[in-house]
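There is one chain below, alone, in structure tokens, taken in the form predicted alone.
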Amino acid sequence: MNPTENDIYLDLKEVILAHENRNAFFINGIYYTYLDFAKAISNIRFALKNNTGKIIGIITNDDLETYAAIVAIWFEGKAYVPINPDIPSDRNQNIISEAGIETIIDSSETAVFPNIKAIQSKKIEPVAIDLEPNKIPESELVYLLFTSGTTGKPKGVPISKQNLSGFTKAFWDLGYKINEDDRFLQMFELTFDLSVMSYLIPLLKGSCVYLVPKDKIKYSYIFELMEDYELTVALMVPSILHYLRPYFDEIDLPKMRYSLFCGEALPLDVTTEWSNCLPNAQITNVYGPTEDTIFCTFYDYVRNGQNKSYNGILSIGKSMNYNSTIIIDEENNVLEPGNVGQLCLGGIQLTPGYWKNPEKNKEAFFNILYNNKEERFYKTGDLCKADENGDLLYIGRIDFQTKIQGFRVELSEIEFYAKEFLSKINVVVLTLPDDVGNTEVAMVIESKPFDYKDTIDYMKEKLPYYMIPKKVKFIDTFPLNVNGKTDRKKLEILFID
């Protein structure tokens, strides 16, 4: 079956109309029905009618209008770019400029970007419900996300309707029995692509989406939602488990049916402990970069049995339908099972390529003969090996890209802004485990000690909070390894108390 035969926009329309009296969202203690959702979508669609441009910005607030704006943009045949108002203004202005955004949908009381045309979605006069989606080719974009880049400039990752349709079909092929009685956790900021699964999959089945507001302590609020509202489906980043681990003895979630993890390496020992908290749930480790539309591989945790892992990290499993995975050496030769190499991804979910970045596209994508036909693949930068059954074991990163709180981060981007402020002083940025086992940023400065507060303040103006170093050390001269490169392992020792 062609995974794009069914139109996900038409499916959304039909589900919304068929479930108008059921709850669609739970936000800050308030339920909103599918009828409320339909009205908000229609109002925003009407306001969009006179706006040119295929790409519309959305200020990512925690409210019904923000999620309605996504669907309104889709039904109008356009694509959205999420813009987090808590991110430094300079970074957001770069995104707006790169994407060519002329109009922003903003549910804030006052416009976040007053110099750009804003549709203030809470102030639109009500109109008749209109959920009939405009017909668009499968190649048209549905969203454009910007991820951390090595030059201080975020990389744009466009996702097409075909990519998203392919993901939804591949997800349903995994056998998840989602229905209108399910209650979904949505813990992700909308600039993080895992958010798309967390709102789209439930909306396609008439389920209710439970949001974690930005101003809440995330891990404790997730626990409260799961327990108080008996959530049944949750996609989370593994770092949440490290925060919840001290409370595992108190957590009892018998109604949880599906517990998925993505965005970071998933430790097997913590997964086993977590499984006792939700005795009836299927636990699945899923994997995939933004470039391959949310996630593209899966591995189901085996209760009371043998699980595949490497250095204590649970396997990321096999590719989902309509996707391909290969492991290559440095010359792009495909390796046999058992050999360590770079994981590469192909198939229907693969992005058309980085936004206006031919140089990066040439570096990250390549064509190869696969299954007797030429196929395009993406180099993930992840070291993996496949076992004899084709399950993928995660080894680590090739470069210095990492995940922090689920967000993908280039350490070189953090170094870029530190060096920019410090001029000729050299800097190395590392990641270290914090007190609860999560990843945090540390920085080593090649200098005699000085007051670095101004450096940190400057970085806060340029970078999101999760990219700001939590620990700083000084060293006269960086140590070098046998290859003449900075010995990062020796620098890590500086942080051992």
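The numbering used is simple: start at 1 and walk along the sequence shown. In this text the structure is predicted, and so the values were computed from the model without any measurement.
Although it is not shown, the form predicted in complex with a small molecule is what the next lines describe.
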{"property": "Contact segment among 261-269, 73-81, 245-253, 129-137, judged by heavy atoms lying within 4.5 Å of the small molecule in the predicted complex", "result": "261-269"}
{"property": "Interface membership of Gly341, the small molecule in the predicted complex, 4.5 Å heavy atom rule", "result": "no"}
{"property": "The small molecule contact in the predicted complex: Pro352, any heavy atom under 4.5 Å", "result": "no"}
{"property": "In the predicted complex, Ser165 touching the small molecule (heavy atom, 4.5 Å)", "result": "no"}
{"property": "Contact of Asp382 with the small molecule in the predicted complex (heavy atom, 4.5 Å)", "result": "yes"}
{"property": "Residue (of Asn357, Thr103, Thr290, Ser195) lying close to the small molecule in the predicted complex, criterion heavy atoms within 4.5 Å", "result": "Thr290"}
{"property": "The small molecule: the contacting residue among Lys308, Lys218, Lys403, Arg376 in the predicted complex [heavy atom, 4.5 Å]", "result": "Lys403"}
